[in-house]
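Next comes just one chain, in structure tokens: the form predicted alone.
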Amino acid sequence: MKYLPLLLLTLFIAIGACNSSPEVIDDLTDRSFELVDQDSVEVTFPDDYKGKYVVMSFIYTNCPDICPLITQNLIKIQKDLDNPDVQFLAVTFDPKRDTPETLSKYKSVFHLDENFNFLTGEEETINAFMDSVRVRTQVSLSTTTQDGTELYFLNHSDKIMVMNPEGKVIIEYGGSQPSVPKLIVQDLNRLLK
């Protein structure tokens, strides 16, 4: 009996932890980025996505390995979640090559719907955006062809994040991990209840 108050306090804390909202990793509400989607429609991030949960990744279309895996994970999450109130975004960190036209072709290759958009922008804006969400990139291999075309590959962060309807990042995952779609769907289903 003397341990009953301690047991009740522990139970109260555990119940409170289960019902609490996820901790905010990053508050993006005080930032604004002018971007464009794959259809050249201007977007203000995060303002244009407030009111919805956003599942967001960071890719570039010339990526030979991780980015297609990240995109496939997002597609699986969207399919398994099947909730039109969740917006899916993939933001490029290679705006020099990933023009809206390039992103539109990339989107069509994956047969994605209107609830899945690719974003790009001016190089300075994209760099500031990537800094704000802690996505790092570095040129790993670069060459110039005889006709003057610059070819390069990028090492980069491997990340998918979830932003709540207020514009705050609440969850981050390894983007290309095979287990990630299941985890994100479980977490979003809990949040959407």
Partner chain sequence: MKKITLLLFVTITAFACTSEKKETMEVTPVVADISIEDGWARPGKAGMMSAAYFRLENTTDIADTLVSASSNVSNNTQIHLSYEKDGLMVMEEQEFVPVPANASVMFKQGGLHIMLIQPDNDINEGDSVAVELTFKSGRTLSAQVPVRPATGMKMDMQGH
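From a predicted model like this one, the values you see are computed outputs, not experimental measurements. Here, rigid core means the biggest group of C-alpha atoms that superpose within 1.5 Å across both forms. Residue numbers count along the first chain shown, from 1.
FYI, the form predicted in complex with its partner chain isn't displayed, but the following is about it.
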### Query
Looking at the partner-bound form in the model of the complex, is Q138 within 4.5 Å of its partner chain by any heavy atom?
yes
### Message
Please determine whether T145 contacts its partner chain in the model of the complex, using a 4.5 Å cut-off between heavy atoms.
### Response
yes
### Distance check, D158 to its partner chain in the model of the complex, heavy atom within 4.5 Å
yes
### Task
Find out whether any non-hydrogen atom of T61 is located within 4.5 angstroms of its partner chain in the model of the complex, and reply yes or no.
yes
### Query
Pick from 146-154, 25-33, 124-132, 41-49: which stretch has non-hydrogen atoms within 4.5 Å of its partner chain in the model of the complex?
146-154
### Query
Even though its partner chain is not shown here, does it sit in the model of the complex so that Q72, K105 and S108 each have a heavy atom within 4.5 Å?
yes
#### Entry: Any residue of 166-182 that, in the model of the complex, places a heavy atom within 4.5 Å of its partner chain
S176, Q177, P178
### Query
Would you say T145 moves between the shown form and the other one, meaning its CA shifts by 2 Å or more once the core is fitted?
yes
